[in-house]
Ligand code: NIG
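For reference, the chain that follows is the form predicted alone, supplied as structure tokens.
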Amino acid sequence: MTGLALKGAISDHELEVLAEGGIVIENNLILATGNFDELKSEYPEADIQLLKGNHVCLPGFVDAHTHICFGGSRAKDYAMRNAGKSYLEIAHAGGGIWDTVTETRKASIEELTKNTIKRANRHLNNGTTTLEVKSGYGLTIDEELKMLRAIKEANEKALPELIATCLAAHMLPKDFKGSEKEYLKMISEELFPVLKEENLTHRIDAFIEQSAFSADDIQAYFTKASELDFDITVHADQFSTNGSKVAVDHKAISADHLEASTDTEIELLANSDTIAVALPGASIGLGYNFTPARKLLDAGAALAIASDHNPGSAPMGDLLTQASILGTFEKLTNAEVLAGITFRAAAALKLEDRGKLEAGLLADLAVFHSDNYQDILYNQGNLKPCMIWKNGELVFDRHKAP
């Protein structure tokens, strides 16, 4: 992925493919990449691990948007949705986000930690070495802290690295006696300082949508977050527009979803430093249109692709499969898809130390049995990694997996 631009379209001929390649790792970093025989001569004292047969090595994938810390299941919602029930009908039947809030509140911190680790490790087995994980199913001070503490503990034990984000502004909780603005004021004044004190996250997210918080509601919330040096990310333009403008106005690191974005929002994002994050898992789960990825790239935007793994709208949680499908429907080059789940996704998390196979970056590697990198997307997620390195350590070998 060396030399590829952060923003705009990428043609496949821009990809540099090293035949007979080798990677030198020192501690947890890539020391050098290049021709294997040349590296062997340059580093004669190195311990050599020679992979037999044909392999393709990519940077470990980065999933910049997930909700894998939760309790319960929404399988009933999925069945009802496919049977033609509306969002409101599902909510009236006891489903929707509030169902997950209820089940997450019932779960202990130990249960949330254990299940987050389990889901994160499943992502690693599919090639993802870094995942963002949001709160947002607690929706009280104590319950949001429980979630974020569980994510922090899970990060210490899970194989991939977990990047926590506070999504206390996911929806107005049904049991809060007050307005949207009053809820947001309470969260920003009472929760934000604890997040800083316990170093639970440096990222604040909010869902800007008709069913959640308006662009007007969120202004003071994001202003407070910026004053406290939190990075901002936004659930934007999923069903209606407005979120992209808020993201750009508040210099958000990313604007995620964008399924409803029009040419106006696309131009706004393309002329900003905000990363556009497509979430094809939500489109697949809801039977909804995809993010206009082709238009965003052609306009000059930076496009990342994430799974949105959550119990409601995106239960699949397979980044490579979803990215491959998005590429098919939006006519993305292999280079654009791979960039969207590696270094461009890392940029959506403000991480400059991963996402490419370059000297000085983390040795996060995903290795596939193949003699052609094109096979990876061609198989639409069916070709899984055979080996994964995280921080220079071999953490998964499919040959030895139980």
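In case it trips you up, residue 1 is the first one in the sequence shown, and so on. Note that the structure is a prediction, hence the values are computed from the model and not measured.
Another form, the form predicted together with N-(iminomethyl)-L-glutamic acid (NIG), is not on view; read the next lines as being about it.
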Look up in the predicted bound form whether T130 has a non-hydrogen atom within 4.5 angstroms of N-(iminomethyl)-L-glutamic acid (NIG), and give yes or no. no
Spell out, yes or no, whether the shortest heavy atom distance between D237 and N-(iminomethyl)-L-glutamic acid (NIG) in the predicted bound form is within 4.5 Å. no
Can you work out whether F192 and N-(iminomethyl)-L-glutamic acid (NIG) are in contact in the predicted bound form, taking contact to mean some heavy atom pair no more than 4.5 Å apart? no
Quick one: does R74 come within 4.5 Å of N-(iminomethyl)-L-glutamic acid (NIG) in the predicted bound form, counting heavy atoms only? yes
Is every one of R203, H250 and K350 in contact with N-(iminomethyl)-L-glutamic acid (NIG) in the predicted bound form, taking contact as a heavy atom within 4.5 Å? no
Partner-facing stretch of 296-304, 111-119, 310-318, 194-202, counted where any non-hydrogen atom is within 4.5 angstroms of N-(iminomethyl)-L-glutamic acid (NIG) in the predicted bound form: 310-318
Which of these residues, F329, F176, Y87, Y78, gets a heavy atom within 4.5 Å of N-(iminomethyl)-L-glutamic acid (NIG) in the predicted bound form? Y87
Listed residue (A270, I97, L145, A158) with a non-hydrogen atom within 4.5 angstroms of N-(iminomethyl)-L-glutamic acid (NIG) in the predicted bound form: I97
Residues in 246-279 that come within 4.5 Å of N-(iminomethyl)-L-glutamic acid (NIG) in the predicted bound form by at least one heavy atom, in order, are H257
